[in-house]
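There is one chain below, alone, in structure tokens, taken in the form predicted alone.
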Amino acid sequence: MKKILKIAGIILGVVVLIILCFVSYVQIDGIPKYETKKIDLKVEVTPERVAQGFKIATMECIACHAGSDGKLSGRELTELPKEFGKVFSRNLTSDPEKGIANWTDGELYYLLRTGVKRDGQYLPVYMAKFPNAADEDLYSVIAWLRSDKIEKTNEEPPESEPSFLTKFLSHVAWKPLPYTEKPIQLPDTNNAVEHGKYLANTIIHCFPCHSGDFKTLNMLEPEKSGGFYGGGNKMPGLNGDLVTTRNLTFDETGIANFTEEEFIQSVRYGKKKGGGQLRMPMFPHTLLTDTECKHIYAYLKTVPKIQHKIEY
């Protein structure tokens, strides 16, 4: 019996040592780096692309990258859950030192697709990624970034200080998204459900906030995210208070009692059903059209219902 206990103790000690070594490695190594792929790309900057890029950026880029001076100099993302650590967005202007002037179009395109910077550094889930976006929409974002619509600045916040949890998940769960050589076309805008799905899951990224937990997001296959559109994520509001995201499925505890017009008013103008304004971090998406909102509404009707009553 003593011999068995001794062997068990040795095995337990080895297991504990392995765990401690792995924990130390993760803490020291930080966010992993990966090999990058050289993309030969030169995007033509046209007024149409700049306009579409700005539209996408107002929903995905500007809110996180706009500094206190209103320029895209980056800021601390205080609205993220504290468990991610201190996260700072970066300078997106054409400044050659702090911004992206020296990035190639291919490097920007690869980052938007995979979440990997040109130096190989992986950006975790709080960086929006577009693995399933149409090529043309990503060209539009790059065209907007290259345009004279963005005021240059050499201001930039300090480097992020990721928590151990962020480092750990970046080693074991969060990985760069695959880069595909296959062209991705724009969706058929006459197909309400398909177009709404593309907008909600691929361009606006509604599901990360409105699913169950940021830690279980699946950016490549959104439907596999935990609590897909069932709400429940707790996010800091305007005054530092925690705001629980709403269930957007067509369950009675979700938005089954929303009319199409009420949904449009909520998404485009931030108006609550019954009166009043929605609280931050939800903000109005005024550049969306009524038709685009209707298509998102049509798509959400097809999402499996989740019974999840959110207390406000």
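None of these values were measured; they are calculated from a predicted model. Residue numbers here begin at 1 and follow the sequence given.
Although not depicted, the form predicted together with a small molecule is the subject of the following passage.
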Would you point out which of 186-194, 147-155, 84-92, 173-181 contains residues with a non-hydrogen atom within 4.5 Å of the small molecule in the predicted bound form? 84-92
Ser225: heavy atom within 4.5 Å of the small molecule in the predicted bound form? no
With the partner left out here, check for me: in the predicted bound form, does some heavy atom of Ile204 sit within 4.5 Å of the small molecule? yes
Please determine whether Lys71 contacts the small molecule in the predicted bound form, using a 4.5 Å cut-off between heavy atoms. no
State yes or no: in the predicted bound form, is some non-hydrogen atom of Lys117 no more than 4.5 angstroms from a non-hydrogen atom of the small molecule? yes
Each of Ile100, Met127 and Ser266 near the small molecule in the predicted bound form, meaning some heavy atom within 4.5 Å? yes
